[in-house]
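In structure tokens, the next block holds one chain alone, the form predicted alone.
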Amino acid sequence: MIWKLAWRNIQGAGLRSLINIIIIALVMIGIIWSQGMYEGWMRTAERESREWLNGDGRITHKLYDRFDPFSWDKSFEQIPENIQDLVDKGTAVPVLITSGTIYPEGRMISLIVKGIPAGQQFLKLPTAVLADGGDDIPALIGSNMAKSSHLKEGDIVTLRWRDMHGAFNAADIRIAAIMKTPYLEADNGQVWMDLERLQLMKDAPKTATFIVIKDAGDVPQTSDAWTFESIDFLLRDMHAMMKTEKTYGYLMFALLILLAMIAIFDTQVLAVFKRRKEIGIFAALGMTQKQIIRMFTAEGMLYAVFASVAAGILGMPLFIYFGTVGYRMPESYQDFGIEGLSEAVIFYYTPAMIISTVIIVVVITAFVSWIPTLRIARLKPTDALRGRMG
């Protein structure tokens, strides 16, 4: 009976009820849409990381620190035999790193030189172009690197590097191809060349700085010189940034929910004030104060339930569009060096995300609807029938 009365009261409120339902529905759509964006962004960044450079993890030389250029020229060692077996099977890709400098048109640009087998298959890097060559040294760069260095395909540029003995050497390299990659860690400030060629240049045969693993379950035991880094470890900076972004998102969610709850609160306060005689009649007919309070609280919960249905109807086209087509960030965002923004972000919605949003909104709406009814507990039926609030 309480739910039936609550439903009739919502019907009686007419346009006011419709506005409240639409407001709550828009808040729910905004929350789910934003959460879907963050989840899709993270999944896009992880997919790009796996496909272009990190696979399912890496076995890394213990001295290598990608944030410390001074570690690059000493963080390499011969590839262990058990890992070389994986390389021969095509389930692991060794990468050798050294610092270098190029001199295009009299300019000096410091960069990272990375050696990778030209015949590798499972990373998306178009390394086949590195096998072509002869007397010259073919090199591969990304589109961002080409833009910042003003290099184009076919250009010849001088590269200087330091070998394992500390001696500097120089040679001309040819830009064999310019790749378009969404994974900036494989692009910005980097030149790729064939692994054997770079090993020869550094006088460090059969060495690598890290080995990309296709399947983390295949990682063999290694010496103390090597350590395994999982994909979660490699993306720890991205996870930390996403955690910060989600914190800001939660603050925005709280503000949106607050605005929606103010509308519900005002509606319930007005309902309690205008329906004094109705409350008195219910009390005179034997309805207890707790039942009356439950009726007003049920109205608030029904607002949230109907808003959930409205959010599904109104938001479904939006969710489907961004879940299939995605959202492409402005190109200026790529200048920040943030992974996962170079291509369209496909939004991802999980059942837990949707259910938790609905539950949170329903609970908060019920609580906000319950607060104005506390005054009913002190209301005498005779006062209510006279139109007084006690």
Partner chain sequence: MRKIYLTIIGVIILTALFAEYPDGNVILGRIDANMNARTTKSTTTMIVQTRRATRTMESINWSQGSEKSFSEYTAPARERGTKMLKDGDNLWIFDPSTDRTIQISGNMLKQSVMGSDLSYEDFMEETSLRDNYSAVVKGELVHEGRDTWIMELTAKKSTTSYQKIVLYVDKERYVPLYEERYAKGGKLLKTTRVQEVMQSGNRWYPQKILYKDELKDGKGTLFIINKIEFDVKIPAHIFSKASLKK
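Numbering follows the first chain given and starts at 1. Owing to the predicted nature of the structure, the values given are computational and were not obtained by experimental measurement.
What comes next is about the form predicted together with its partner chain, which does not appear here.
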Quiz item: Does the 4.5 Å heavy atom contact test between residue 69 and its partner chain in the model of the complex come out positive?
Solution: yes
Quiz item: Though only this chain appears here, would residue 240 touch its partner chain in the model of the complex if you measure heavy atom gaps against 4.5 Å?
Solution: no
Self-check item: Exercise: residue 108 in contact with its partner chain in the model of the complex, heavy atom 4.5 Å
Solution: yes
Quiz prompt | Interface membership of residue 169, its partner chain in the model of the complex, 4.5 Å heavy atom rule | solution = yes
Self-check item: Contact assignment for its partner chain in the model of the complex, among 163, 136, 153, 218, heavy atom within 4.5 Å
Solution: 163
Quiz item: What is the one choice in 84, 121, 78, 158 with a heavy atom within 4.5 Å of its partner chain in the model of the complex?
Solution: 158
Quiz item: For the chain shown here without its partner, which stretch in 139 to 147, 312 to 320, 170 to 178, 224 to 232 has non-hydrogen atoms within 4.5 angstroms of its partner chain in the model of the complex?
Solution: 170 to 178
Exercise. Could you list the residues in 72 to 103 that come within 4.5 Å of its partner chain in the model of the complex, counting only heavy atoms and keeping sequence order?
Key: 99, 101, 103
